[in-house]
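Two forms, one protein chain; structure tokens for each follow separately as structure 1 and structure 2.
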Structure 1
């Protein structure tokens, strides 16, 4: 540089007097430096929020470093999906620092920022000085709906998963290859290692959208956060607050929570189920870490019928409340459908017993091989105990109602699964098995048969996408070599002495005008197909069996052959009689049954308190 002293040098600046000024005369002129006219294309100005896309998860409000965002109830929005709520963010521009962290964390990309940033406040001169602060406050708290949507600025569009601060990629647990796992009944999903579990747990945003979706509202964000802290024991303590069968749910839960997970809207949802399995598998003795305190025994006696998940949960929480609980079970082992219905490759029996024993160790009396109605009359139970809980579930299988159903070789799904679990199935190696149905039981039957060496075809009357079974079950069954026949309606089973051939019709699907699943219709033109079948297993659902109840009682509680109507606390029309589990739940799965048991324990407590 030239830094020689020169008195004339500064004078040269005078030439700028005659040059065009650099100032931009806004609003007559605007900046022209960017790729578009005006301010920067990704300017962080006022927010816009697509209210139809927003699901009200509140992550923006929680991440805001200035606490500028508050969720408020909106009455003019439609929830975007069945898990969304009608809470929407409002932004206090007196606090907002326009950092854009809310946009980065938005799991639906509904919240964005615009290029608008000019706002002027016109005070209402008619207001009294006392009212003025109120009107100023109103002016600065904004509801960011579509006001500035035509001028988008800083945003994270749906395709920009990398730019967001959420990790969208799920870490699946290691699984055995299909060719390996179909050889035996060994569990083929490896529980997470510590590193895998912590990595998966750190994907959780902690918003709790899953909690609303869970039939039993577990403390999901809390137990996942405990895992990411590296503390499976604290995690289990959170799970145990509402779920005394953690390992079972970790392995086989229907995980509605994962459908609601906000990370799953644009990416893959968290593996909440496998995380639960991780913490319960890594705690040796549950009762060492559980913080729930047992209350003093209060001398009242309760009984539960059927040792399934509903009764076990009922027994556990009633025991904590100080009641003396007895559970009657008709079979020789507890567990109900979990013991007899779920194959070992999904839930090893020792894992099942770990959970059940932890509950029974609390001092709950379990009486196996006792059939209510036969060994003890139900009236006697009602008389001898302060309250009765019935959690017998669905045990009466539905039948196909077609010709040939009484041939040997035709079985019901649950009966077949019981044989599988008792290892008493007939030799299936090289045999052809046809499974009718598309639920989880059908998948269990099909995959168990594959493991026993059979050639399996699943016939379902709708499409695969309509199947009620979990998607991963269907995919894994396909990987293991199960064949699927869509829109197949069973017609007849042929055979001399035993099953030989199975005939079905290919139905056409008629859309349901109510928006439900399409209805299969068979008419004269439907093609008929026949396949060879050594065994036909009908897994098309079950009904409850309440034969042990006196008939007048069945009538009084409103049993319609399928359901027993109950209130939130499992109460029926008869005082002191409570129902729970598949008998009365809308969803027929383990976690719903556990929830019903917990609520019934509270219901019994309320009932007995009111009796005093």
Structure 2
């Protein structure tokens, strides 16, 4: 039964004449009353996305319970880092339930929600609502490509991400002080304790941006998640799926993955490399936890030339596929440049051999002190084996091409490092060593010389910030007393019977129009400098050495003196011949070589299957 209307109702309505409106007029008015009352405190509004922070990881699309987010290509954007892709989220507001989970899981905090009332749903935000295309307004779909709003709606709790509080400070492994570590070749970086490893692992967001950056696409989120649960065995099993040299990579990997780590956008990136080392060091026998099983022998024979990371990886994965594998190595020990090019304080030889022996224990035959092209012809390998893999790396040093380079006391970087690892270096205590170059080999030479008692100067033709060496290598060298000369271009080495002085010019740097490193230029006005030098070590890079390969075969595979062209599986233009590692990969690091070996093993399997 309806109640009688209040006869005073028309009069009471007059009170609204004196109240401010509850709606926003167009054009937009700034109504301060809405910050106090009138707007629900739960109002979240539409999304905004800071394109400079967004890395296109797609976490928002994966977590959306209403399937309202789709990743679309967006070309007009400057990625947050060189590994970020150009995909960006598109919101279907016909589906969106405004729950904010997409904001919760955004690893870079680029995605937010706005309390603004006036929005443009078209990428061209200069359009008024009346000018927007009908389809855009009707479908209620918007690509959030605006900067953050001044009046944000829903924000996740500070420091909270994926339902947990994130520590944006990196937990570095303990290191010996520079004054102590430079006195010996003992390993100076301590492996994480269980508590330290678990603490660092819990910082991982599991987004997988690191996987895209890794040259071999390791299962990084999975192996770190296992560490956070206190299970290094499970962690190693995940690592081994794509990397049979886990401890080596844990110690000396170039860790490109860490550059892509989204935690590093707001804080410091995860210590992915050192976490890998933790798992590897805490498993005594790899094969007790590795899940991969060998297939039955198939009767096919494969051979790898060189026992570096590419050939070892190739041999491991080929053996799992049932092949009989033999590796030939010219030196008396396996490992290639890992064995004689990396100093012991970075990679102890017992750790190196732990990884290598785990591979050889599968039944791979290793034959050392065998030079292909001298002891055995390459043609014989092609005849005796069903497929041949070449993973010899780059062993031909580049020279300075200056007067005096033939004087006693002048050496090449890798030659010097081999003497260091064999403990055959000349007496360097109190001597002055000049190292030319700015890569990791140059840093190894410089830091090894310091440990041998030398006064060391590194001369590099560009700036320190342009050096290709790992940043931590440069910083640790500086901490150990290595002096650096920037923009120094070698001119001449002086001496009567041996090296006495080193002369260089101070170059001017010309910007690279393509955005690469600046180019050093020396002209008549460039200052010339001389420094005393008992030894000069040139560490400016290496070229491939394919002297063991017949010339007609070198031409047929397209070898240009620097690079061997191959397809994704390491195949060359010659049937049954595969290449990998530094010979065919311009990154020239261990993890890339491991990936090349894995892909070549798959390539050989596909090739031989097609021959049946």
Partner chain sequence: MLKYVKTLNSMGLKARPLGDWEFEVLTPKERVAETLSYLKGSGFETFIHLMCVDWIDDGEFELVYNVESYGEAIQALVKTRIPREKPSMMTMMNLWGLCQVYEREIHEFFGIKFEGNPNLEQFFLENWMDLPPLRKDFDTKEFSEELFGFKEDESHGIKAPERIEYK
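Positions refer to the first chain, counted from 1. Definition used throughout: the rigid core is the maximal C-alpha set that superposes within 1.5 Å between two forms. Note that the structure is a prediction, hence the values are computed from the model and not measured.
*Asks:* Of the two forms I pasted, which one is the form predicted on its own: 1 or 2?
*Replies:* The form predicted on its own is shown as structure 2.
*Asks:* Taking the rigid core as the reference frame, is the Cα of residue 178 displaced by 2 Å or more between structure 1 and structure 2?
*Replies:* No, the C-alpha position differs by under 2 Å between structure 1 and structure 2.
*Asks:* Using a superposition on the rigid core, decide whether the Cα position of residue 99 changes by 2 angstroms or more between structure 1 and structure 2.
*Replies:* Residue 99: C-alpha displaced by 2 Å or more between structure 1 and structure 2.
*Asks:* Align both forms on the core first, then report whether residue 203 has a C-alpha shift of 2 Å or more between structure 1 and structure 2.
*Replies:* Shift of 2 Å or more: no.
*Asks:* In Å, how far apart are the CA positions of residue 61 between structure 1 and structure 2 with the rigid core superposed?
*Replies:* Residue 61 is displaced by 4.7 Å at its C-alpha.
*Asks:* With the core fitted, just quote the Cα shift at residue 87 between structure 1 and structure 2, in angstrom to one decimal.
*Replies:* C-alpha displacement of residue 87 between structure 1 and structure 2: 3.2 Å.
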